[in-house]
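In the form predicted alone, a lone chain appears below as structure tokens.
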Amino acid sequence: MKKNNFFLFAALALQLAACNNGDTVKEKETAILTAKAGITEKPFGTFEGKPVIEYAITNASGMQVCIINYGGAISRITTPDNKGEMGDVVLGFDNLDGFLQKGNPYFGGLIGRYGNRIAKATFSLDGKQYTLAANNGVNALHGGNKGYDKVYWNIEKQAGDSSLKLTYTSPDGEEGYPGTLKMEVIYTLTSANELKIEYTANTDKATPVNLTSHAYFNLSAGADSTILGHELMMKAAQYTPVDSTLIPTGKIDAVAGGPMDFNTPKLIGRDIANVPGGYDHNWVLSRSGSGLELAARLVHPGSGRVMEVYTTEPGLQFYSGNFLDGTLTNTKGGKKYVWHGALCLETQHFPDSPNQPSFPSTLLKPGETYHHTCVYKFSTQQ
């Protein structure tokens, strides 16, 4: 018996030594086995005199999603590859200074009042013209100079230790938009490795509303500097072509086997050279109803990580990180975020809808409730 115990202790000692010598498989297995599902908090800085907290939601399998008060931003998503090794699959910053820096390209933020672009930073509603901040050339982008990605969101833990409720009230006239908009966003991490985002909003005056999330994904978890080797499928037979300032022309064109066609999965880098500036377009989703439906499937062949996107919205903006240039500071581990270093898949209504009467309406009126659900589901394949 004593001899058996000796060999048992020796085996355990060897296992511990292997872990300490970089046996990432054993470290990963131990992390997963000991992961405690729930929500933890840690300080992340101060913004406008208020404490910014990073909330980490962890599920029983060890997947983790982190959210901060500033911008309601997704700061981390840690999920396993097909060998079980955990990795962070979103771009971001090690501290709040990174998020606050000039030129932060909306990393992980909640976007509004109107996600995407509005032409010439103006729109008319009920006979009145509204003027917005022209923060993207002559156009308005992602809510203006201080969109919802740059405000303080109140965060409350929800019962069950898998959800966070974020709230923000946008006053009448903020960034030029009419109406006081009261918003609630609930982030939930499910046991099936799904990040579910539910948006609701109410207004006291008619106003356009188009909320979304601006997470930057690279499923390689830092192994690949770009996403050109990722494989993408989008369930969309049409898209909205744009002018030189990325404003929709008003047409809806068929993708028809060209560089915009992702109905059959293909590598992002295959046709990107044939799209001036890279992909930054809205795809018109091929939907069968108004409920939650599959919109896209992203695969990183090297790690086997898979991300499926489900939405209730009519459109999906695929942005291929065309403006990343390696100059951002306070990045995670000091990594350079280079051209095409990540991508965004933003569930949304179409860009410039307030000026495009043929597009689905984004108008929210008093007494109505805006509702939008998006799910990012993570899995693996061999």
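Computed from a predicted structure; not experimentally measured. For every residue, the number given is its place in the sequence shown, counted from 1.
What comes next is about the form predicted in complex with a small molecule, which does not appear here.
Chemist: Heavy atom to heavy atom, is E346 within 4.5 Å of the small molecule in the predicted bound form?
Modeler: Yes - in the predicted bound form, heavy atoms of E346 and the small molecule come within 4.5 Å of each other.
Chemist: Heavy atoms within 4.5 Å of the small molecule in the predicted bound form: does T331 have any?
Modeler: Judged by the heavy-atom cut-off of 4.5 Å, T331 is well away from the small molecule in the predicted bound form.
Chemist: Applying a 4.5 Å heavy atom distance criterion, does K150 contact the small molecule in the predicted bound form?
Modeler: No, K150 stays farther than 4.5 Å from the small molecule in the predicted bound form.
Chemist: Is F323 part of the interface with the small molecule in the predicted bound form - any heavy atom within 4.5 Å?
Modeler: F323: yes, in contact with the small molecule in the predicted bound form.
Chemist: Considering the small molecule in the predicted bound form, which of Y310, F93, F262, Y216 comes within 4.5 Å of it through any heavy atom?
Modeler: So the residue touching the small molecule in the predicted bound form, by this definition, is Y216.
Chemist: Identify, from the list P105, G179, G144, G87, the residue with a heavy atom within 4.5 Å of the small molecule in the predicted bound form.
Modeler: Contact check passes for P105.
Chemist: Since the chain is shown here on its own, which stretch among 223-231, 69-77, 135-143, 122-130 would lie within 4.5 Å of the small molecule in the predicted bound form, judged by heavy atoms?
Modeler: Of the options, only 135-143 has residues within 4.5 Å of the partner.
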